[in-house]
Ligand code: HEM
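Form predicted alone, single chain, as structure tokens, below.
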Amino acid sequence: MAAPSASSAPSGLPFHPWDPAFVADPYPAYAELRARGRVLYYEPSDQWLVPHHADVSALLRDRRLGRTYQHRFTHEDFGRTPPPPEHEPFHVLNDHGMLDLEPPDHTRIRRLVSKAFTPRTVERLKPYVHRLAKDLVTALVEAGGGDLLTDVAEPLPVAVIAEMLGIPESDRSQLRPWSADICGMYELNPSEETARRAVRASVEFSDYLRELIAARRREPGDDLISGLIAAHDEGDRLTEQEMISTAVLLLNAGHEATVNATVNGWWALFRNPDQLAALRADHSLIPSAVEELMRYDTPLQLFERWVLDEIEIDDTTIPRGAEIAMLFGSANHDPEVFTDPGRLDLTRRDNPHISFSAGIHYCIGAPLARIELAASMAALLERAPALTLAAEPERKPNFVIRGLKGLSVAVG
């Protein structure tokens, strides 16, 4: 289904995810949504919008909701139309990843993945992350500037997750295009062309990983793919499809958020020169700056859940089969939780943002994302202390995973 335009799909709500002006700055509209109520029906996407932090936080932990319903219902039982058969490669890939599974499958897969994706694994990557960040920033400085997205923000997390998975350097250029095409399906009402690109990328990426898994079965290494093959618990092992879906999820979630958080964060710093000056003067602010920038302009604006059992929010009954859209960007700007939420404050200490989600689907890669964001920020502050914006950036049209097309910078 093609996305309706803002004008052709009036909803009576100040929510227009296909309008470039809204995507550029949704925060004033979020304030209006919060004032209107705790749950609001949005007809163009057939979803119930939830804009308040307390509700979003609670619903992320509510087991009456699910990322999928197929562990309990058929499409027909749930009142939903099955996806077209030609989209099957995307759904096979997506539906076997733990982000879109519910217990008991989610519990089993997350437990097995956690045996390979350990804190020690992440900690062991830290020197590589910092060295790569410094190398990328050094190249940017030597060039006199460039696009912060393509020169630093993008190559860092892609290389890190590829290194973790054991993907050879010669194959890494394919990863970002595959990821971008697959993630297009997470937008509201994606077009048929978006679906075609996602299906093609799903097939190509799956075929590539199937060959890599076969190679690691023959010759195991110390990479995450080898770890996923070896992971077992009381006789349980990941199936090949679960390994493929896990690797794709780790790549997509492991760098889409980090890329967009990096450029969104620096764009926010350039618009708040007092905060940038404070950060330049005191690099010990980096950890709290990472958290505040994730809150202030989170890359993931909306997260969906299916209603598995009828729930009630503020005297509104939401029936089984409905879909809830939790507005992370709005929750992160809720004045009931954050003092002066529209102000960027890198010293903010009480910062319970939900940019990494919550509950059983809390981002397993959050520790790695924090390391990457801090490493690139430290390298830029140390090696490009006079970094300035060279041109006004242009936003991508995407709303759900929200970011910039690029961020042109000069180094002084």
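Fair warning: this is a prediction, and the values are worked out from it, not measured in the lab. Numbers follow the displayed sequence, beginning with 1.
From this point on, the text means the form predicted in complex with this ligand, which you will not see here.
Partner contacts here mean any heavy atom within 4.5 Å of this ligand in the model of the complex, and among 315-323, 183-191, 86-94, 251-259 they occur only in 251-259. Contact here is defined as any heavy atom lying within 4.5 Å of this ligand in the model of the complex, and by that definition each of L99, H106 and F117 is a contact residue.
The shortest heavy atom separation between I161 and this ligand in the model of the complex is within 4.5 Å. With a 4.5 Å cutoff on heavy atoms, F338 does not count as touching this ligand in the model of the complex; it lies far away. Although the partner is absent here, P299 sits close enough that one of its heavy atoms falls within 4.5 Å of this ligand in the model of the complex. Interface membership of L60, defined by any non-hydrogen atom within 4.5 Å of this ligand in the model of the complex, is confirmed.
Of the listed positions (R197, R176, R305, R216), a single one reaches within 4.5 angstroms of this ligand by any non-hydrogen atom in the model of the complex, namely R305. Annotation for 347-368: interface residues with this ligand in the model of the complex are S355, F356, S357, I360, H361, Y362, C363, I364, G365, L368 [heavy atom within 4.5 Å].
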